[in-house]
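A lone chain, given as structure tokens: the form predicted on its own.
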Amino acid sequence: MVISFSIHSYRGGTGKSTTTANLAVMLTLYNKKVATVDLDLTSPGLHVIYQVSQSQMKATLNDYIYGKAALEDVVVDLTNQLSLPRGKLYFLGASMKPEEIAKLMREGYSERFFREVAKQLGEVYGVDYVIFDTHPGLNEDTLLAVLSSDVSFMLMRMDKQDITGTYVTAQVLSKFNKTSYVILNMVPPDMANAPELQAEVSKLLGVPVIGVIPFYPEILQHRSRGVFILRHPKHPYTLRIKAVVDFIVNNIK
């Protein structure tokens, strides 16, 4: 049975797309079939990290939403392109055309859209996980994606505004009985290694913190040129991503 996740944050700049891409690839290394859906429709970026060219995308999510293309036309199989040794990785991208972005922002989409996409990806491609990379904030479209997913992962930096916004988001999701977890990202190294940090933030937010990822300048220097963990399999960042995936595989059924 397919499980859908949303990767969300209250504010921008938390590293959602980078985290999404690396979590997805790590899941394939556990021999899982994963589909990543770029729902940051105002500023899509997953295709950059995956190094997917516009010519590879026969159609976009925008085309599918408006009935101009079948889902199969949107799905890009990245398994061979990324030389993944096991599992499967699929990518569904959004349009970069300003007029199509504007149209979608005006008209929006329904909750049924997210559930239907996850269902079809499970039935047609046999995926184990569908990961929706959403855009930040608490607007209607993002909440639809988050509430339509089985599980929400909220990325948060250790910044006062981010902490406050994530707390509010967590409270909203709890009203809908949604299962949510927090991943702390870009945490100052001295703070990230404090053994009590995870428990303290979990208590503060009322949501379990399942990962603490320090700030690594190497991630910025990488500049989204490919999936970091594939190029740096022994880097501490890779081990932190692996720890999150261990939790997902062992605890979310």
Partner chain sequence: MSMRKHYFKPGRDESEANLRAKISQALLSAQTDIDVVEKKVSAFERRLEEILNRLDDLESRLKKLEELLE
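Owing to the predicted nature of the structure, the values given are computational and were not obtained by experimental measurement. Numbering follows the first chain given and starts at 1.
The form predicted in complex with its partner chain exists for this protein as well; it is not shown, and the discussion that follows is about that form.
Candidate stretches 48-56, 66-74, 32-40, 214-222 - the one whose heavy atoms come within 4.5 Å of its partner chain in the predicted bound form | So the stretch in question is 66-74.
Is Arg115 one of the residues lying within 4.5 Å of its partner chain in the predicted bound form, judged by heavy atom distances?
-> Yes, Arg115 is a contact residue.
At the 4.5 Å heavy atom threshold, is Ile210 in contact with its partner chain in the predicted bound form?
-> Contact check for Ile210: no, nothing within 4.5 Å of its partner chain in the predicted bound form.
Consider Met26 of the chain shown here, and say whether it contacts its partner chain in the predicted bound form, taking contact as heavy atoms within 4.5 Å.
-> Close contact is absent here: in the predicted bound form, Met26 is far from its partner chain, nothing within 4.5 Å, heavy atoms only.
Can you check whether Thr179 is within 4.5 Å of its partner chain in the predicted bound form, heavy atom basis?
-> Thr179 lies outside the contact set for its partner chain.
Leu78, Ile183, Leu144, Leu92: which sits within 4.5 Å of its partner chain in the predicted bound form by any heavy atom?
-> Residue within 4.5 Å of the partner: Leu144.
Using the arrangement in the predicted bound form, list in sequence order the residues of 7-37 with any heavy atom within 4.5 angstroms of its partner chain.
-> Read in sequence order, no residue approaches its partner chain (within 4.5 Å, in the predicted bound form).
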